[in-house]
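There is one chain below, alone, in structure tokens, taken in the form predicted alone.
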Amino acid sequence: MTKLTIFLFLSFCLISSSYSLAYKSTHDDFVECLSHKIMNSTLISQVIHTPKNSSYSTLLNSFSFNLRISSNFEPSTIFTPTNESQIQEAIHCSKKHGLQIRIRGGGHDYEGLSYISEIPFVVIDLRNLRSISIDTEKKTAWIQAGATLGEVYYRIAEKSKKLAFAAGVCPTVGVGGHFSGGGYGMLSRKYGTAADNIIDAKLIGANGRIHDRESMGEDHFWAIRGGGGTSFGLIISWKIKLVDIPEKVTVFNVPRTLEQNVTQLVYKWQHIADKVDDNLLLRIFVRNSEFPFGGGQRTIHASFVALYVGGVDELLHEVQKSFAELGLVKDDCIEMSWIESTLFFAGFPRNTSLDVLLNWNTTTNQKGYFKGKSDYVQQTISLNGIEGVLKLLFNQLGGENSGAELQFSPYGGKLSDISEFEIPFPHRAGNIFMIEYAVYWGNINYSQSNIDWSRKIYRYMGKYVSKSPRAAYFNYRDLDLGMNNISGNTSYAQARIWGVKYFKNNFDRLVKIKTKIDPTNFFRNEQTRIRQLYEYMAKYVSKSPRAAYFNYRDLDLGMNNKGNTSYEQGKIWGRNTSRTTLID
């Protein structure tokens, strides 16, 4: 081994050791700060979880069903607060000691941004904040951000058989992220997204203060309804508007295969999906035969899955009028209560107890590897295009225990009636349906081939989907679209690449609001409206000099050389931060 090699090795070890010591010191300082604020020793052990505690690994393992998600860092602390004031203290201590926070609700973020980071961080896990208060007279509810959709649905039905809420189908999804990203579900053509039905919220801002709609202001309130709430504060509760529902709705799940003309059925469906009666939402789930981990002869299975807000006879009339090719008959349809339909769409067998909706513990869920992507279709896809995408699905060979699925979710109805600028969720009139591409596998050795397949089918679909931008659904988060630099600056132009895909023409407004309410970019991850969008704001702020606050120190403005620094060089940053600055 040469002297140079030995020197470099020892230097690396020294740097790594110094970094680890600094990281440990920061972590210890944070825990000490938070413990001092909470004071109650019994409570401290219940809410502050570090690698020294046995509870830490249990919590960490519960964070995700998606084994694809990994990071160089595990959280130094997992904090499970029981009230709002504890969150305020955690924000204070993390700012004081320079630790980034991640905010975890249900843990279903497709890219794991609620519980991973590439720099030292703390997870604030909201699992203890799950109270739900229903007001049936005013048809409203206050829901804490740690609650799940299943709990929300259960508590609504517990109070009333004639009220419901429009949100997603997976009962273990947390409301915090789901609502703040939009929230599409089986009632969306009738009542819009979850975010369309939010009428108030409480959040903790970067300054540690608690705000409601009135005190945060309408711009801030606008941003959290579909703009990704964790960029704009830590949301602690939502106030939602409940919707009227008849005592009986009608559902069906009709399977078809390639041999039963699936290709022609999908082709026909897209011509009517956004135009049928607003009371009807008819989705298609197209899977290859290996999904969701099974054997048998390989083919394509499509499930035509519907909710109709009304009785079976009305549904039959509507489907036979607009989509007779499906061959729907009365025996395919089931009348049930809305709350029973939530179990139906979540895949539970008939007569399953409603209590299953209260099972929010994701540690019991099957874990595997997963990658998702999304698209919006604004013009019907040719028959050749449908054949091509089904062929790609058929030929997906991702190894043992693998499978792939395409979800076609219709728009139109209430979704099209609302302006694209009403809230940040912009996918409104002009969209026929949304596609989710999902691929699953059971062995890490097949990760790259399955991820490559998802990118291949996404490339194939480029000519058939929305353009300028090629839009995507924020709740189907996809880092392939782009992400902030892990270290260093991210330009406005770089961030806009992915930002306009999720938010279209609302992205610039979100940037302005983010810059105003969180100028130090305290609430951030790999896809937030970042502080380095600083360059975008240049035309709106002070000039000659572009002033900065010294206590928000920013070396991007300039810094002294390790040796001598000239007056002219020092003046570049000095005039930004002070009128009378001494130069080294």
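Heads up: residue numbers just count along the shown sequence, starting at 1. All values reported here derive from a predicted model rather than from experimental measurement.
The next section is about a form of this same protein that is not shown, the form predicted in complex with a small molecule.
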Among the candidates 375, 109, 405, 151, the residue which, in the predicted complex, approaches the small molecule to within 4.5 Å (heavy atoms): 109
In the predicted complex, the one of 276, 103, 141, 513 near the small molecule [non-hydrogen atom within 4.5 angstroms]: 103
4.5 angstroms heavy atom contact with the small molecule in the predicted complex for residue 177: yes
The small molecule contact in the predicted complex: residue 235, any heavy atom under 4.5 Å: yes
4.5 Å heavy atom contact, residue 477 and the small molecule in the predicted complex: yes
Contact label in the predicted complex: residue 168 to the small molecule, heavy atom within 4.5 Å: yes
Triple contact flag 126, 184 and 229 to the small molecule in the predicted complex, non-hydrogen atom at 4.5 angstroms: yes
Heavy atom contact within 4.5 Å of the small molecule in the predicted complex, the stretch among 449 to 457, 494 to 502, 73 to 81, 169 to 177: 169 to 177
